[in-house]
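Quick heads-up: it's one chain on its own, the form predicted on its own, in structure tokens.
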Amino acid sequence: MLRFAPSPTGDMHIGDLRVALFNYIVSKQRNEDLIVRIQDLDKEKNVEGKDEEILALLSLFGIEYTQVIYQSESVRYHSAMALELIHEKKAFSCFCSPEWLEKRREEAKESKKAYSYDDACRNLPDELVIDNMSPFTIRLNRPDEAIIVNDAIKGKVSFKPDAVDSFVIMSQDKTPTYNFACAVDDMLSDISLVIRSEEHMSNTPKQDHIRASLGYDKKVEYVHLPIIKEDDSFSVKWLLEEGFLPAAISNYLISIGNKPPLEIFDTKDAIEWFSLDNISKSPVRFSIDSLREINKKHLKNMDATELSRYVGFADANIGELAKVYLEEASTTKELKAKIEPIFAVKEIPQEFTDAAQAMTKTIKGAPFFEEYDDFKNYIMKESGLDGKNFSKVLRFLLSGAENGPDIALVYKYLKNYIGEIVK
């Protein structure tokens, strides 16, 4: 069993999507289920509707999963596990106030030492614990030995007991902490492999220690993906709004820091050749320009009728015209900005106003021409226009722009719309 565990606290970013894609691909390769666990315990930071937005994005990107679990629905299990640890003397009640703990952190900082909880409450007599009415947290006893994490990318990483510390597993309000909830939930779901960002590396020994303390002896495999640099500006939602295709975004995120056999592919193709062994050990850089090039190639490969829908039509000719504009555009948003002026009321420069009126009248009275040259010769003859007055005005009337692709190509795909274009 694998899991993707997003928090509904904001927009999904490309780093999150990359993790989801890798989990999906590997789950298919291993023939194991993938579950989505919404980590919604931080009620103050949760944003209403973000959980549904996350699930909608996973669907849009073709990421299949078998179950959705909300972490908040498992709090009773977290509490039961914490109580079990206290009964077995593997955890203890800590009455240290936040102010006192902050003071100790400052002292460690001034002494230029790494802060570690001093276990002040670990061996309190039972009567002092029972009679103490102060608020308390629950801490897990620090491990006796170093914890070794075997990571598929980073190899063996050792964490000394002080680095793991006697950390808090239940807050004063008796809600589970992030690491405790994750460790218990992974155990309850029988997770076999965790693929996540390397930002979580420091959490891994704590989660392993929690499960070991609970007597869970199954070893979870780990893959901590190197971070994507400069990804904070790019939410998945923003990329979609800018006109990047889901297939292109997936293609790019699977490619960076990897060794794909092809430049252009879809996610289902990647299931055939993807290997975690090929993932770079170093951070990867996100390049919007590289994504644009991949997006452009996906647009070129798209069915023409399907592409036309992105610019407001359902006509293969308009889709083919949009592909012509890919010489100067790379997203569906940019393509729409190229196609819309063609059908809008034209703003003709003052110097060409008279010529435009004459040409418009001629075009409206012209018969249908299959070939551009026949159309052009007819309009030139009947309007009496030539040179700059002819070529510039014709381009304005047919494309709504001063510059652009070969007007013969534009005519090829727009000849059935001439009556709508020249008004």
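Position 1 is the first residue in the sequence shown; the rest follow in order. Keep in mind that what you see is a predicted model, and the values were worked out from it rather than measured.
The protein also exists as the form predicted together with the RNA; that form is not presented, and the subsequent description refers to it.
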Is it the case that Cys96, Lys113 and Lys259 all touch the RNA in the model of the complex, with a non-hydrogen atom of each within 4.5 angstroms?
yes
Of the residues Ala316, Cys121, Ile227, Met302, which one places a heavy atom within 4.5 Å of the RNA in the model of the complex?
Ile227
The single option of Ile264, Val168, Leu188, Val75 touching the RNA in the model of the complex, heavy atom within 4.5 Å
Val168
Counting only non-hydrogen atoms, the one stretch of 77-85, 307-315, 213-221, 175-183 within 4.5 angstroms of the RNA in the model of the complex is 175-183
Using a 4.5 Å heavy atom cut-off, state whether Ser391 contacts the RNA in the model of the complex.
yes
Find out whether any non-hydrogen atom of Leu41 is located within 4.5 angstroms of the RNA in the model of the complex, and reply yes or no.
yes
Does any heavy atom of His200 come within 4.5 Å of a heavy atom of the RNA in the model of the complex?
yes
is_contact(Ser275, the RNA) in the model of the complex, heavy atom dist at most 4.5 Å:
no
In sequence order, which positions of 258-283 have a non-hydrogen atom within 4.5 Å of the RNA in the model of the complex?
Lys259, Lys281, Ser282, Pro283
